[in-house]
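A single chain, nothing else alongside it, follows as structure tokens in the form predicted on its own.
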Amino acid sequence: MRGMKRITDYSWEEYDALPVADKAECLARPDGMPFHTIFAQQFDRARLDRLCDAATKIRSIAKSRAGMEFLQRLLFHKRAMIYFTQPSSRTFLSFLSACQILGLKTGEVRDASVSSEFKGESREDSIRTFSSYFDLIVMRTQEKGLAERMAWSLSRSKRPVPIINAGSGKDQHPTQALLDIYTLQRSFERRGGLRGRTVVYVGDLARGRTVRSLSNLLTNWEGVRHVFVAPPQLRIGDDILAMLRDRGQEAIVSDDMAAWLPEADAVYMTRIQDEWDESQGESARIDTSRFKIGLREMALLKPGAILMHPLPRRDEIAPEVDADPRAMYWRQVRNGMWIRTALIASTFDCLSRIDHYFRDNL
């Protein structure tokens, strides 16, 4: 891509001040697909369609022994570090499974106290060390901006190892948004797609990074209506509302979940994120009783609507709802493995090989 912006052309201060679209270009390979995956805004409609198509092909290929052997040969010569200093089970296991499907050997650090950070080493130095041993770093951290800063740093090193952001502070969780989009696409692909859909987000919208990332990605479809339902203390940030309105999409703020359930094509539930409390018991003092879904609330949903949740859940969705065919959160979990497999394959420029195998063998 002639004239493409390169991350190596900028100091950190210059790069950090760039508009998001320019940052996305800096983080991409020459074909436009991400080299580093840091934020949701890197994915336009074409890239989303490409990844979702690849995920569906991969899951079809993986159904046979021959197909799995093909997939595991794709990246058997590569190694991945899964560096999670913020607790996780689904995201960690999803990435671990994705690496195994593609044949990558993995290492992991899930507790900084067992690394040299316990001795005072900076996280930046730890990650730079990982880049000496591994060909990919998947990282999840409570520190906002760390993944992006390390992407800039490693790109300027002699070993520019790609980074995938698996959750960064309260800001971004791009791969969760990818699996959410993949779930939405699969749910509505035979029913007119995502254009013009009403998505109702419920719960802790002030601190839930999954909602921020998903609402960004949904602007790739025309006419999506975003309804943010939360207690006043947990309402969505003004920056997200401004972003949606700047892109010509309707954004509504409400504290009345029951009023919006009959309008919803998709309901995206979230838990209270009390790990971000600034004072003890801060979240417990908020009345969340009107922001939970049981069988009575499910009766308000349209027959064709779906219920999503990034998990883990607490009591915001009653267990008896799990049997409802509109409950998609367990499918989201499995979809996450496939879309993350597609993302890793894309990071190493393997999608054309997957296309060819699918065309010739299925």
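Just count from 1 along the sequence shown to find any residue number. What you see is a predicted model; the values in this text were computed from it and never measured.
The following text describes the form predicted together with a small molecule, which does not appear among the structures shown.
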Report task. Select from the listed residues 141, 216, 187, 176 the one whose heavy atoms reach within 4.5 Å of the small molecule in the model of the complex. Result -> 176
Report summary line: Picking from 72, 273, 249, 198, the single residue whose non-hydrogen atoms come within 4.5 angstroms of the small molecule in the model of the complex is 273
Report task. Name the stretch: of 147-155, 240-248, 286-294, 203-211, exactly one has residues whose heavy atoms fall within 4.5 Å of the small molecule in the model of the complex. Result -> 203-211
Query - Proximity of residue 312 to the small molecule in the model of the complex, heavy atoms at 4.5 Å - result: yes
Query - 4.5 Å heavy atom contact, residue 91 and the small molecule in the model of the complex - result: yes
